[in-house]
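Laid out below as structure tokens are two forms of one and the same protein chain, each shown alone and named structure 1 and structure 2.
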Structure 1
Amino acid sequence: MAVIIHTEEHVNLKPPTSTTGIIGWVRANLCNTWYNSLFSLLIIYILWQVMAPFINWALINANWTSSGAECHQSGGACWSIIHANIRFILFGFYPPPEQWRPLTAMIILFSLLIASRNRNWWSKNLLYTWLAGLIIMGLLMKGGLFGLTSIESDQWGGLPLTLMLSVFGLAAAYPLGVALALGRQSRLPVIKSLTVIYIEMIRGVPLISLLFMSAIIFPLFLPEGITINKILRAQVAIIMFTAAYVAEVVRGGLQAMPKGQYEAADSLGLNYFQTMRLIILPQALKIVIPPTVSVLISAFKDTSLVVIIALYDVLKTTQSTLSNPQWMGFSTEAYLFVGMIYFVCCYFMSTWSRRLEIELHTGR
């Protein structure tokens, strides 16, 4: 019979350095075969050829506080366009002495969004905090009370307008989309027909057509002397468009529910509303978290289309900056800055959705 003797040297023996850490990861993922090694070297060479000139342009030879004339003479990136026009890009035509108000409103909004990431804080108190925060943000933006100067919505623009259209639009579109999905699953012919017509009609046209209708055609049907704010009309168009897509995603989740779930609810004596609220919707909405967030991210990016109806969101204010002769020719730097803003917001939404999936054990 073989006898195995464990000594102190064997117990403390560590794996080879070539199989752990960065070296081990490279060998296991990039150089595990000869063709993977060749392909990895090719990719590194291409990245070096692309990234080295970009870093040289964007960082080493960049101009951070120079004038437009100095930037034209330099071969590097002109980040001075952001430095010199940051207030107009972020706040548009909002009066400069009052720009602390939209800045404060954005800080409140970001704080509420960060707080909402923690599911342990989901309660009625958080809902009341959101309501109070929205009232404070509206008061700060509009003014007219507590000594704040009244600012017409025509002067709202930049990043606050983009966030308002996206956050409020997505928040209103989601419950409307759920209601439309339930309506499409209804056994009542009238409700089902109306929801089907609405969903298919809205999904059959691009968002840009709804924005044009809200900005140009809809005011023609209003009585003389009655006007509705252009921002509100654009907001309604975004809500209607996004809700139709959310409805189809939620309908997929409802169809994924086994028939036994409905039968179990019937056996407990639950009515339709109790069945949906307590049993079906909690499961269906968890299933469709990934596609729902994809729809919401697309809707967030689509808010940039309001530039076509002359709303000065952050993209429109950036375009207006480029019309200044001093800063012409630096569109790359300006659009990279705007793209970074959109990327950060979309990344926030995607990471939150993945975290929510893990916490709710989606798919298990």
Structure 2
Amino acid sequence: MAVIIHTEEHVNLKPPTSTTGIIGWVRANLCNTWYNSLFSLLIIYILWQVMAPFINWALINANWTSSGAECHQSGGACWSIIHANIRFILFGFYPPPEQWRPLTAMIILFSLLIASRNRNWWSKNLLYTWLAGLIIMGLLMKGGLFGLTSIESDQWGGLPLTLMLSVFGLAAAYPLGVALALGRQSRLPVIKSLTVIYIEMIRGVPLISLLFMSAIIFPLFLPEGITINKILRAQVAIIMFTAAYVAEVVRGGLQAMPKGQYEAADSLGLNYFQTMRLIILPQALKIVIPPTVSVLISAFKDTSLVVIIALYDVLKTTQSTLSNPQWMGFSTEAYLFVGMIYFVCCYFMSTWSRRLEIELHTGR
């Protein structure tokens, strides 16, 4: 039997340069077919056409510190509108010496949000911390206790208002939404039809009609002599609106529960409320955490609609800056800045929700 023995040194050949490194990457990802090469060129051309003038306007020719009058002379972006008015944009009509209070409230909120990112920290204590945090935030904004001067809520504005409308809105809408979802799954026809009517009606109309209602019709619902301020009325409208969407999300979770869970609870002799509280809801609510975050994101974006009923949220304060003659005509810059605030907040929440989705998926 012939034995073949290789005696020469084994040569380590490098892969061809056309398949590795930058060239290889470009060939595999940008030019893998003839039409893809064409598309790549087209996209680069379009980007060049759009981005070059934009960068020119927004960065190279931009005015960072000049006054409004100087800005009008040059053709570039006028970013000085932002830092000249940043206090008003962020805090609205809140009295300047007291503006540390909304700032602290926002810092508390952000630290709570960051703490809640970590799933290992989710516990009863975190829930209590949240409750305490929300109360402290409300106290800081309103004042009137512990030597803080009382600030009426019609002076609230800017970013704190936006954040409070969405956070308090979701906090109140969540239990209401869960109750509505349970009602919709109920065996009792009266309760079921009442909740279905409510959910479908709210989901069928635009939020703005509810906000109009809060601004114009809510006062008519109240007995003579009692008034509720505008912010609270808008908050009620947002809660009513968000609750219907939360209810639909939670219903999805309830429907995903296998029948065996109900039957097991029944065989243990638990009654309806025990079944829901101990068996069904803990599981159902866990499944629907990611879609609930999406509801939170859209609730956060939707609070901007309060502009239409003239509440001074962060979008409205920006808009009113623009009616100052000195800064007139720089709306694009101002809106881009506010857009960035919204983008950062929403991006934070949506990446978090995506990560949660992956983490939570493992158990099932």
Partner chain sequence: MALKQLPASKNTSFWQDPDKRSIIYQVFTLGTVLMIGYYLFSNVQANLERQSIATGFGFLDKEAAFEIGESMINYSAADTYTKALFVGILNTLKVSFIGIILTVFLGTVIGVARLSSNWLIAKAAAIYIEVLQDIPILLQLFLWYAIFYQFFPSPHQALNPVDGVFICNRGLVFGIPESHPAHTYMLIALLIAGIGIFFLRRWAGKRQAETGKIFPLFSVSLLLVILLPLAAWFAGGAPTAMNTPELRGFNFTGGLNVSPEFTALLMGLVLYTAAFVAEIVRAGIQSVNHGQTEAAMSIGLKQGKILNLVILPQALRVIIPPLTSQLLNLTKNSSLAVAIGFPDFVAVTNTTINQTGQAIEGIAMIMAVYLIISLSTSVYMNWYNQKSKLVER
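Sequence positions of structure 1, starting at 1, serve as the residue numbers. Worth saying up front: this structure is predicted, and the values here are computed from it rather than measured. Take the two forms, find the largest set of C-alpha atoms that superpose within 1.5 Å, and that set is the rigid core.
Only structure 2 comes from the form predicted in complex with the partner chain. The rigid-core alignment places the CA of Phe88 less than 2 Å apart between structure 1 and structure 2. With the core held fixed, Asp154 shows a CA shift below 2 Å between structure 1 and structure 2.
Once the rigid core is used as the reference frame, the Cα position of Leu311 differs between structure 1 and structure 2 by less than 2 Å.
If you overlay the core, the Cα of Tyr272 moves by 3.8 Å between structure 1 and structure 2. Once the two forms are overlaid on the core, Met257 shows a Cα shift of 4.2 Å between structure 1 and structure 2.
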